[in-house]
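Below you'll find only one chain, the form predicted alone, shown as structure tokens.
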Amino acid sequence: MFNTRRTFLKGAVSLAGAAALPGIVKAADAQVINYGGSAWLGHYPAYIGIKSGLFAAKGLDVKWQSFGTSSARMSAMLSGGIDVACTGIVSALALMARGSKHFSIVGVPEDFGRVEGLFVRSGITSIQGLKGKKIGVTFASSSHMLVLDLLASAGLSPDRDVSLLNVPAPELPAAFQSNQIDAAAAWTPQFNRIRSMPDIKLLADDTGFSLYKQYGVTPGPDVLVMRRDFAGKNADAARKFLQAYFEACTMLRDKPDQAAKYLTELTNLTLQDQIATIKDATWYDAAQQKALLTTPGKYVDGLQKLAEMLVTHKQIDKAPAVRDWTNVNYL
């Protein structure tokens, strides 16, 4: 079962538990919304919305709570501790498969497909060339899903033809460098570190995932989820949140230099690295959301296929009907 998806980026802030960000001007009667985040890039829009005043301008007091794993974040949503969060779809699908109706998918912040992929040593030229090799990957992650899909597409068994080793994401570069593994599947920032090593090449990124070309869906896309009970009782606040959130997405897409200045305290990246990380993702604005989440539709169909693939690879027990969780009413 997928319980986690991503660890923090390098130098992620150590905001233990719930911690309101300093320096935010709040109107006395502002609507409070609790957001669950981390330093992963999927949370950039919410962080920028807080720090830039985009939420405050809508009369919202968005409070940031930091979580180390998607599973912890989603547990907080189920218990009512947070109202909105970005999460990897795999964590959401795991809960949906169990029948949880506590949340809806209300947005898609970005596509980070080109900063996650499978690296090999220069002597390996194809997926078939991985036969008999050791592949390091963080189990129960989108990278794990990418590897399973690539192996299946090449007719290789993950149980018989290769050795899959569960390596925590931050340890992948060192494992590769010390020759403990022959290949590594990683996401940014480990993706960037491995890519800079000598005699290493990228064999496939998320655009090589079988569902990507047809549906535009990566192995574990980020989605914005909102607690149903909160949205039902605060529809106007939900709409204003999304307006400000996607204004931040537009800033990330159109003005990465400006957006980066709000983020370096969150990620501890240099300004140059921060700008590069922003540019590595494709940011979706408000006008694109209905096309992504309306059903029937290509993207939601792709998420449905992903759910079914997770069942095939024994990562979840059954595939939920994804359309039952999408909601465009607040866009």
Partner chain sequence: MVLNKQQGRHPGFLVISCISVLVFLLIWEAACRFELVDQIFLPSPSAVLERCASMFREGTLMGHVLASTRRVMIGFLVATLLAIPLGIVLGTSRVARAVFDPILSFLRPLPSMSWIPLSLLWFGISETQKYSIVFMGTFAPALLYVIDATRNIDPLLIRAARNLGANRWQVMREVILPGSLPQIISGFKVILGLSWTCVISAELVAAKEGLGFLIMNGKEFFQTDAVVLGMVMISVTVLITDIVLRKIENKVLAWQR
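Residue numbers count along the first chain shown, from 1. Being a predicted model, the structure only gives us computed values, none of them experimental.
Note that the form predicted together with its partner chain isn't included here; everything after this is about it.
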property: 4.5 angstroms heavy atom contact with its partner chain in the predicted complex for residue 90; result: yes
property: is_contact(residue 171, its partner chain) in the predicted complex, heavy atom dist at most 4.5 Å; result: yes
property: Heavy atom of residue 164 within 4.5 Å of its partner chain in the predicted complex; result: yes
property: Residue 140: touches its partner chain in the predicted complex, heavy atom cutoff 4.5 angstroms; result: yes
property: Contact assignment for its partner chain in the predicted complex, among 177, 153, 100, 258, heavy atom within 4.5 Å; result: 100
property: Contact residue in the predicted complex, chosen from 130, 94, 248, 238 - any heavy atom within 4.5 Å of its partner chain; result: 94
property: Residues 84, 285 and 288 all lining its partner chain in the predicted complex, heavy atom within 4.5 Å; result: no
property: Among 214-222, 109-117, 180-188, 200-208, the region lying within 4.5 Å of its partner chain in the predicted complex by heavy atom distance; result: 180-188
property: Neighbours of its partner chain in the predicted complex among 309-331 [non-hydrogen atom within 4.5 angstroms]; result: 315, 316, 317
